[in-house]
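A single chain comes next, written as structure tokens; it is the form predicted on its own.
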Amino acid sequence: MEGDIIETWLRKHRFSYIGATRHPFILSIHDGSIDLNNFKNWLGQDYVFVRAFVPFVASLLIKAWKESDDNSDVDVILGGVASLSDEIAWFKNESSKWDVALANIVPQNANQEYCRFLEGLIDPDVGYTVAITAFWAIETVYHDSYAHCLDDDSRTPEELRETCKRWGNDDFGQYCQSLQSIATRRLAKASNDVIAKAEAVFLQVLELEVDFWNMSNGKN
């Protein structure tokens, strides 16, 4: 059914989705075996990524303003834009606690690839439906990954629980559901060509997330 395109993708690409949301990096947090040097590596690299994420989300806001058939989309995305300032401040605070010098972080290959992907989505030729699908996928992978680390059976180290709560909390999960609702609505009205492009972007996000986790585990 057209209205269930994203749910269809999640079933169709279940193996890839699990690979991104239950990666060994995430599982090592969940079971308490994580090498904290890997966490510090992730912290520095993700700070670089978030700074590249800001112009992408800003461009998405403009695409929504120009192309959306529902004014409330702008309000939802604006909430994401507003939260990024707080997120960058959080990274700076965390880095000081972990002695990670953010000014000296050099983006590794997987991070550079992900940032180039985001830059490509800013292009005016990339339509709103494809861009909002990418935004939903990026945010949802983080929520589902870190929410797993808050499960009742998790042994997440206490010093990492704040990080997990930042993306694994219920409010962020509801935000991801709001993004999914927007993307689902747009895809239901999209041409087959746009749907194919959006699915390709979804799969690319999953691949880039796996590469980013691999990098965080020191495999880049």
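None of the values given here were measured: they were computed from a predicted structure. For every residue, the number given is its place in the sequence shown, counted from 1.
The form predicted in complex with a small molecule exists for this protein as well; it is not shown, and the discussion that follows is about that form.
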- line: Note: the small molecule not shown here; in the model of the complex, the stretch from 66 to 74, 31 to 39, 147 to 155, 44 to 52 having heavy atoms within 4.5 Å of it is 44 to 52
field: the small molecule in the model of the complex: contacted by all of Trp9, Glu199 and Phe202, heavy atom 4.5 Å
entry: no
message: Can you tell me if Glu87 lies within 4.5 angstroms of the small molecule in the model of the complex, counting non-hydrogen atoms only?
response: yes
message: How about Glu139 - does it come within 4.5 Å of the small molecule in the model of the complex, if we only consider non-hydrogen atoms?
response: yes
message: So, Tyr17 and the small molecule: in the model of the complex, are they within 4.5 Å at any heavy atom pair?
response: no
- prompt: Taking the shortest heavy atom distance, is Trp167 within 4.5 Å of the small molecule in the model of the complex?
  reply: yes
